[in-house]
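Given as structure tokens, the chain that follows is alone and in the form predicted on its own.
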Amino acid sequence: MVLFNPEELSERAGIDIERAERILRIARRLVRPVKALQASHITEYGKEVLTTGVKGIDELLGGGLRTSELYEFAGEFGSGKTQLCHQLAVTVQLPVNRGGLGGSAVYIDTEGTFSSERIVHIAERFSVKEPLESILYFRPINVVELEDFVVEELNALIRDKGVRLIVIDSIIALYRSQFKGIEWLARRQQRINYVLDWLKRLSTLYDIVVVYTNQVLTQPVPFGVAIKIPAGGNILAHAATHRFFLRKTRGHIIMEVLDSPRLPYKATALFVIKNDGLHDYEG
């Protein structure tokens, strides 16, 4: 219940706003009695670390992906975004002493790029048995299905299925294809923002990792060559805790920090893609 705001609860329960506010106030006191912590305890509270299985990327991330945070990975086709998502869906199943979170993953596939065979190959490398049993897969066909799943169903899955990782590959695909034209831009951005807000609520309440990929678009630069930037505008730019850009080069892929509260801007890690997943670049 604490996931909802008064307006949402009022609409769902058919009660007035004032009553919804009173109910939520009581619920928050029961579920989250501690509201403020000493800053010296923040690093120890609610922060577990998930390995990517790539030493260089883990070092760039400060040990791995932290729970209660959102990670965005943007890049062109073939830059390793989906492969990274596959690998994380396996490493989250590892025990804590091996860099995992000992949990399952929800994999939301908006582009139809999920590969069970790929998961099995990666799992063999990490000695994870029956990896597909711990991945809850969903393929939304439109924006409405995506939003309903995030708002209506994720909460129960996280609570009942031991979910520690949510993957959305990609966050923008359905919105770009189904909200065409400048006249739909404001509506599109509002709805993306609502889904992202729910992902933040879930990650904070349940102490899980949220990862989503993003597409890119070409932005002209005055007196220069056009550059590639993540799609989604300011809504996506401000949503993630950490943003990264992946780009292909000859022989390897570069992961670069675009925005982060603790990681150096433009810091990079190099990796390659092999049959059993992502590996460090050793060239």
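For every residue, the number given is its place in the sequence shown, counted from 1. All values derive from a computational prediction rather than experimental measurement.
Another form exists, predicted together with a small molecule; not displayed. Remarks below refer to it.
- Residue heavy atoms within 4.5 Å of the small molecule in the predicted bound form occur in exactly one stretch of 201-209, 174-182, 157-165, 74-82, and that stretch is 74-82.
- Proximity of Arg191 to the small molecule in the predicted bound form: non-hydrogen atoms within 4.5 Å are absent; the residue sits far from the partner.
- Remark: Glu111 counts among the residues lining the small molecule in the predicted bound form, judged by a heavy atom distance of 4.5 Å or less.
- In the predicted bound form, the small molecule sits within 4.5 Å of a heavy atom of Ile273.
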